[in-house]
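For reference, the chain that follows is the form predicted alone, supplied as structure tokens.
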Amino acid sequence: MALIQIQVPDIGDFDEVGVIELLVKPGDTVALEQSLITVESDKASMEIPSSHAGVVKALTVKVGDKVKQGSVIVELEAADGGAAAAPAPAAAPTAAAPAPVAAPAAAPVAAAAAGPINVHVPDIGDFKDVAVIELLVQVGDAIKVEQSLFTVESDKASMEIPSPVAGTLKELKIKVGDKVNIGDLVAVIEGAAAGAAPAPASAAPSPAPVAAPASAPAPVAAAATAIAMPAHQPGSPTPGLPHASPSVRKFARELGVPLAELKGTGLKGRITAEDVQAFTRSVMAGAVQTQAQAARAPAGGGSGVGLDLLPWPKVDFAKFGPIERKELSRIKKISGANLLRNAIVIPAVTNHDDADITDLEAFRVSTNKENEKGGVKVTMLAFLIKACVAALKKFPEFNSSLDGDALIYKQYYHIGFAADTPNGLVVPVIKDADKKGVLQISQEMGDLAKKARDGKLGPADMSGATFTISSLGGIGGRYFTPIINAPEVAILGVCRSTMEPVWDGKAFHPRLMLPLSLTWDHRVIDGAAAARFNVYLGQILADFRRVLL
């Protein structure tokens, strides 16, 4: 038995694609060409097959990872003891059939005279008569290089076909339901700077296989070239991805729409962007419930379905005066849907209190002076994270999550903190904050905040939080009501500290007071517990030595 490393084959001109599904697990016996994982780019989804038969010894990727050609995804104990799994640079992902001649229109072309360009179907692998299921552009649209023009689907894969040139779409030669093959004329684009127009004769597939030069890049549209995918049977339960194109799935994820609960109106029951929008409107109007909402709904009593909300008002704002329309950022689209759900579903209560941080602030300032050469600047938020961990240990229900009728008590302490970015708020997470000191937390917060501002936070950086702190200390304000970040059950809001006169029973003394706003889920926490949590947190901040107790 030989241990074989299965690598990602040539998947076209994609730098990195995301792993969205694992199809095998250690111990599974896999056959040659059996699918191992599903990956997705912004233009296609595809399943990566095994180049050997054998037993899975280890999976070296997980959902959310980014992979590219040559990345090791599985270690396989193969019976054949054959050649290494790494394919030659110019080799096709599988050797099931010789590759047809690539259509010249597939590769983006560089400079020459502008004019009408005929766009042909590029090399999409060993497929014949694939169906056009979605048109993504219309005549008159301005087209960018590599912009998707339409979506095709075979019984093995769905993919979006991009434009090899930029310009204005003058003619669309296809419609939904048409069957196309490599070399078929599908569009005419005018005004593009392009090379010699590809001749239909050379774009047609050749009966004899012609090897592409090793240096020639694979066409971007051929993302699923020779990669086997399971056939979709509309109307039957689908164990993996919903019956929708990659762009529609991406759109649904941004809106938080569960595709599994939608019934597609497209060809062969395919879910379209219009289906996603219609579902969202229905949920907002209270006409339908998602399965998650239905599971949380009470068994009886009252109508309550969808909260019986009125439709959102439609207003022509331009008739009242000048306006400017700006699309929401991707972050705001995603967070907005989550915040709406959390604000409506969670019975939230907020306790407001003040903590005396006079001595802690003095300690923080002196620590930074002593550590000037160390490069790490300690913030009050780092102390707050350690204080919250101590309070969570004393009141474990604040570090829990609801799971149906059960409460999950977490034995780890991952603290999220809201970070302001040019595109909106994001929540990076300090993992295992109970095992880290204030200096280490400060360093990690700085690194995560920089990644957030640069737009480089990954899913792993923003997942797993058990409790969140939202700090407006650098901006101002007094108190506010933060929205709980489900599935957490509490969140702490913090504003700017102010110097105030505090009565000690004999006289007033100037003390630095920090406003605290603790929002909690009343299904899990009651008012007495919340008050005790806030009082204990204030005691720790007033005398940080309590963290050691």
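All values derive from a computational prediction rather than experimental measurement. All residue numbers are counted from 1 along the displayed sequence.
One more form of this protein, predicted together with oxidized coenzyme A, exists but is not displayed; see below.
Remark: Pro347 does not count among the residues lining oxidized coenzyme A in the predicted bound form, judged by a heavy atom distance of 4.5 Å or less. Mapping the unseen interface onto this chain, Ser497 counts among the residues with a heavy atom inside 4.5 Å of oxidized coenzyme A in the predicted bound form. Shown alone here, Phe398 lies farther than 4.5 Å from oxidized coenzyme A in the predicted bound form, counting heavy atoms only. Residue contact check for Lys377: one or more of its heavy atoms lie within 4.5 Å of oxidized coenzyme A in the predicted bound form. Residues within 4.5 angstroms of oxidized coenzyme A in the predicted bound form, judged by any non-hydrogen atom, belong to 420-428 and to none of the other stretches in 142-150, 420-428, 405-413, 176-184. Comment: oxidized coenzyme A is not present in this chain, but in the predicted bound form one of Leu259, Ala78, Ala433, Leu381 has a heavy atom within 4.5 Å of it, namely Leu381. The partner is absent here, but in the predicted bound form a heavy atom of Gly473, alone among Gly455, Pro116, Gly464, Gly473, sits within 4.5 Å of oxidized coenzyme A.
Contact check at 4.5 Å (heavy atoms) against oxidized coenzyme A in the predicted bound form: none of Ala355, Ile441 and Arg546 pass.
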